[in-house]
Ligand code: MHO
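For reference, the chain that follows is the form predicted alone, supplied as structure tokens.
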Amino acid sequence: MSERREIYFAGGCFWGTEKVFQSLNGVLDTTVGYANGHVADPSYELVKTDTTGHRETVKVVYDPSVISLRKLLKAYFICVDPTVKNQQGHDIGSQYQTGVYYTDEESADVIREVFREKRREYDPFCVELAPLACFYDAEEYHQDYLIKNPDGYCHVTPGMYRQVRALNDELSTTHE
């Protein structure tokens, strides 16, 4: 059985962010939900009121022998604008704040290193970095949304998806 690790990405609307990670070899499972807010077990209707502190987030379960956390972060930064707060594309509100949330210090060290590099590249740099405080699965109709609704809206462009899928070719030769 392969090793399983998890990491949580808030990348604006969770529909497109989930599809990004679903397209990568080594990603074993994705779940969309709400992270790091102050309301227990929130609904989408409540989260979209911009009062819960929750971020639309994707839980990514991956096999580190196939894909590295560094590669997952590379895919993430292809698909987000790290220079804006509480917004991605046309989606505006604190639920769309970008962030990466970790569950172990080994992952935190890798993420901090990547964030140091990205801060040199982007000014301002508005992506949150924090331990995962809580995560609640979103309603079933949000899970795999863009698979079930391929014409659904998303801030992630077709060109971004192509760049992410191209990372699969790199994965077979390097595990940074």
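Counting begins at 1, following the sequence as shown. Being a predicted model, the structure only gives us computed values, none of them experimental.
Beyond the structure shown, there is the form predicted in complex with the named molecule, which is absent from this document and is the topic of what follows.
Shown here without its partner, the chain carries Y76, R112 and F125, none of which come within 4.5 Å of the named molecule in the model of the complex through any heavy atom. The named molecule in the model of the complex is approached by Y96, whose closest heavy atom lies within 4.5 angstroms of it. The named molecule is not drawn, but in the model of the complex it has a heavy atom within 4.5 Å of W15. Within this chain, Y44 lines the site of the named molecule in the model of the complex, having a heavy atom no more than 4.5 Å away. Of the heavy atoms in H142, some are within 4.5 Å of the named molecule in the model of the complex. Residues of 56-78 that come within 4.5 Å of the named molecule in the model of the complex, judged by any heavy atom, reduce to E56 alone.
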